[in-house]
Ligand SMILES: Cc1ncc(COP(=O)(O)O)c(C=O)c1O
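Single chain ahead, by itself, as C-alpha cells, in the form predicted on its own.
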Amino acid sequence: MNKLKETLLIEKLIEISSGEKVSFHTPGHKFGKMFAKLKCDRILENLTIIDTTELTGTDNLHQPTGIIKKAQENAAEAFNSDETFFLVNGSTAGVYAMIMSAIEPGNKIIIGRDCHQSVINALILGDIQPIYIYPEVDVQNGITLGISPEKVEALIVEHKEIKAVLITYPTYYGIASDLKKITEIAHKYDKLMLVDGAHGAHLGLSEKLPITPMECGVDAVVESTHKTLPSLTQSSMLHIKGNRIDREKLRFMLRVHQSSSPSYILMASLDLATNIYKEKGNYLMDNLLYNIREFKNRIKNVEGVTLLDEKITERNSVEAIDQTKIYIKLRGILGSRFEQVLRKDYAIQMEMSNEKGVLGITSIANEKEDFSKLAIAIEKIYQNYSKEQNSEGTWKSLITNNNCYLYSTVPKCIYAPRKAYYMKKKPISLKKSVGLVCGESIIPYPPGIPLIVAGELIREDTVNRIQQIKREKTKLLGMKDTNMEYIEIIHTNEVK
C-alpha cells in the first residue's frame, strides 16, 4: 500500500513547533520539555495506545469508581480540595458547570468585569443576570488590577438578591486581589464564592506566590492545569471546598457540558501533572523563581525597560502578584511590534501583547537558558531601537502615548445577555453606533476579556478601542464584520 500523504494540519504544527524555539506561552509543558526533563514521556510515546474509551478497567469520567476516581482523589489531596473533578473540555466547561449548578435561572451574580468570555457565555446559557464590578485600572501598563473587597460588600448590600460572587484570580497578568477577604465578605452575607482560577493552577507550589483559592476558603474554583502546569491543552480541574455547592447538581452540569466520550489522553495528562506537582513541583518552582529573579535583575538596568513587579501591591486593591507572569514594556515600542520582533528575529514566543508591552507566561518547564535568551534579545532590541529613534524609521512611528482603552466604569446594561442574544439585530456603521445597544459581544483575544457584551450601550470609547484594535491588527472575537467597519445592534433601536 502506498504511503499516506501527510495532512496539512500535522505538517503545519510540526513546522511551527520544530527548531530551537523558546516558549513563554501556554501550555505549561513547553513543547513537551517537561516530560523529557523528568523522563516521564511515556504519555507521548503511547498516545495512540491510551486513546481509548470506557472499557473494562478504564472507568467512566461521569460515574467514576476505579482509576479515574482514584486519580481525582489524588488531585484533591494535592490541591487541597474536598473534591476535584477532571475537565476534558477545557476550563470553559468547568466555568459553565460551576456557575449553572450554583445559580438558578433568573437569579443574579456579582462578576468581576475582567472576566473571561466563558463567564459571559454561562450567563446566556443559564439565564443569569450579571451585576458587574470593575477592577482598578493601571493606565500606564494598560491592564486591570485588583477588585476592592469594600466595593464587593457595597454591591452585596445594594443587591441583596444576588446569589454568588465570581472573580478572576489571579488575572492574566498575575494580579491577585484580596480573595480571602472577599470570600469572608461573601460568606458573611451567605453568598457563594466562585473563582475563575484559569491562570493559577501552580500557586500552591511556593509561599512566594499568592495563596491559593482553596486556602482562601472559596466554594469552587476552575483551574486550567494545562496553562501553568504540565498537562495537555484542554485539560483542567474543578476544585470544590465545603458543602455550599450542590454536588449532585454539579455532576449533572458536568455531564451536560462535557463530552460523553472524554479523552483518556487528557485525563492521563492530568494525573501525570498531579504527580509532578506533588513529587517535584516545589523544587522546580524554586528553580523557576530563582531564574526569574536573575532575569529581572539583569534587564532592569536596560534603559527603557519597565517590569510589572511587587511594587504594584502597594495600591489599587492588589494583594499580591504572581511572579511567574512576566510583563515587559520597552519604551517607545508598541507591544505588538515588540512581540513580533521577539518571535521573528529571536525565536522567542510570548503569550500575548497589548499596545503597551508583552506578557510571558512561564512554568516549571522553563530553563535558565530560556531567560538568558530573552534577556539578550531585549538588550539587542533596545540597542537597535536606540540607533533608530532619531530617524524616520519604523521604531519612531510606533511610539505610544498613555491613553488606555480599559474602562473605569461598566457600559450601561440595557438587556440581560440571554435576552440580548435572542433579540433581532442589524448591522450599522461603527462610526454611527454610539448611543445604541450592542447586539454582539466583542472580545479582544487574547486574553478573552469582553470589551462590550451584547445588550450593553455602545459608548464612544468602545468605538475608539475597536478602531485601535483594527490598526494594531489584534485578534477580535465576536464581531460579525471581520473588517470592523460595521457593528451589530439590537434591532429595536432607532438609528440616529
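Start at 1 and count along the sequence shown; that's the residue number. Every value quoted in this text rests on a predicted model; they were computed, and no experiment measured them.
Missing here is the form predicted together with the ligand; even so, the following discussion is about that form.
Undergrad: So which of 92, 274, 354, 362 reaches within 4.5 angstroms of the ligand in the predicted complex, heavy atom to heavy atom?
TA: None of the others qualify; the residue that does is 92.
Undergrad: Would you mind picking the one in 113, 199, 239, 325 that has a heavy atom within 4.5 Å of the ligand in the predicted complex?
TA: Filtering the options by heavy-atom distance leaves 199.
Undergrad: Of these, 374-382, 218-226, 175-183, 299-307, which stretch puts a heavy atom within 4.5 angstroms of the ligand in the predicted complex?
TA: So the stretch in question is 218-226.
Undergrad: Though only this chain appears here, would residue 141 touch the ligand in the predicted complex if you measure heavy atom gaps against 4.5 Å?
TA: No, residue 141 sits far enough from the ligand in the predicted complex that none of its heavy atoms falls within 4.5 Å.
Undergrad: Mark residue 81 yes when one of its heavy atoms lies within 4.5 Å of a heavy atom of the ligand in the predicted complex, and no otherwise.
TA: No, residue 81 stays farther than 4.5 Å from the ligand in the predicted complex.
Undergrad: Does the 4.5 Å heavy atom contact test between residue 118 and the ligand in the predicted complex come out positive?
TA: It does: once the ligand is placed as it appears in the predicted complex, residue 118 has a heavy atom within 4.5 Å of it.
Undergrad: Is residue 212 near the ligand? Define near as a heavy atom within 4.5 Å, in the predicted complex.
TA: Residue-level check for residue 212: no, no contact with the ligand.
Undergrad: Need the contact residues for 148-169: heavy atom within 4.5 Å of the ligand in the predicted complex, sequence order, or none if there are none.
TA: Going through 148-169 in order - heavy atoms within 4.5 Å of the ligand in the predicted complex - there is one hit, 168.
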